[in-house]
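Take a look at this one chain, the form predicted on its own, written out in structure tokens.
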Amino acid sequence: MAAPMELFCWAGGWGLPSVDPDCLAVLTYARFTGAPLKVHKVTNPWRSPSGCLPALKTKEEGVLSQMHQIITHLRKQKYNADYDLSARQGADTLAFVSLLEEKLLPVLIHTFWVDAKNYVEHTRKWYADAIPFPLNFFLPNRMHKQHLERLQLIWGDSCLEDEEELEKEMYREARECLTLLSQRLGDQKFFFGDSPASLDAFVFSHLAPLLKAKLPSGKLQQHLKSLQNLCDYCSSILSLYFPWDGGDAPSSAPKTSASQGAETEEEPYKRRSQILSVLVGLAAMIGYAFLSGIVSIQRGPPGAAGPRPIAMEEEEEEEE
């Protein structure tokens, strides 16, 4: 039997199987199609073979690091959630995905990473608690900077003109986008009827973090919560496809053999990761001590007795 594809993604939180929208989209699409993935849920992107998340390790194409590339690869492997869609429905999928990326995604970035209250009290706090020491001292700030740059790239030069006015316009368009999604969904179970498609994975991955996160400043969140069919839609997908993946299940609840085979939380590697983190922290502190002159080495005459230097071994983390 061929080895399953390996997916590296951010771990879950807030009642979700992953807190990252791109990772959540890939996980959801894989669940919709039954793609056999060995899932590594991690809190350190450096454990990914590409250094970023999500990442899919494949036999045919090596490592794929973009959400759209991963889903395209799954389609090539005949795990296609859009197989039964008509040409019109395929065109609607492209239109709505474009709408999500243009109107909703910038506001999600702003809500979680730019809004000062949300970033300090919610986003940075979660990542600082989740990411292992000592990476949690600088990785959240690095991610914050990356999201700021991404948002500036989306906004273009207009962000330099009137940021406050631009923010109001951006949130207005995001509310209109949510309202349009609510109207398009109506009373249906999924956007194209009773079976999920790729559009459902994209919509769910954008809406669920906004719905489930406990944000101190929730301007857009309140509008989403007022659209009951979208809230029910997210809850339905979570209960149907991720019954034990949100961190809300009791610890004593047994996992099914199918989920054990398809997904793993990488428990055997936690202790190894902790040891590696401690070694990295020690190396960083010792290096700083030498560079700053706090500690120095004085050489004595040949044959003089003195303490032996401490030998340090670095343990390299391996994924099996």
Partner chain sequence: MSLVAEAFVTQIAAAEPWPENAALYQQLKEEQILLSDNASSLAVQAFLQMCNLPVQVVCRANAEYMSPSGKVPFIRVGNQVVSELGPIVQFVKAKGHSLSDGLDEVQKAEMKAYMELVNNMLLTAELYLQWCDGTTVEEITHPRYGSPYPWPLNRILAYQKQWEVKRKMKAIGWAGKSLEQVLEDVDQCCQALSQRLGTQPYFFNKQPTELDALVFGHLFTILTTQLTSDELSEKVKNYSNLVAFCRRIEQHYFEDHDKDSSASAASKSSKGYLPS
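Everything quoted here is computed from the prediction, not taken from an experiment. Positions refer to the first chain, counted from 1.
Just so it is clear, the following notes concern the form predicted together with its partner chain, a form of the same protein that is not shown.
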Checklist entry - From the list A130, M143, L99, L108, which entry has a heavy atom within 4.5 Å of its partner chain in the predicted complex? => result L99
Checklist outcome for this item: Residue within 4.5 Å of its partner chain in the predicted complex by heavy atom, from K125, K78, K214, K168, is K168
Checklist outcome for this item: Only one of 117-125, 224-232, 203-211, 143-151 has residues with a heavy atom within 4.5 Å of its partner chain in the predicted complex, and that stretch is 143-151
Item to check | Q183: touches its partner chain in the predicted complex, heavy atom cutoff 4.5 angstroms | outcome: yes
Checklist entry - Could you tell me if S65 has a non-hydrogen atom within 4.5 Å of its partner chain in the predicted complex? => result no
Item to check | D82 within 4.5 Å of its partner chain in the predicted complex, heavy atoms | outcome: no
Checklist entry - If you check in the predicted complex, is A91 within 4.5 Å of its partner chain, heavy atoms only? => result yes
Item to check | Joint contact, A87, K103 and R172 to its partner chain in the predicted complex, by non-hydrogen atom at 4.5 Å | outcome: yes
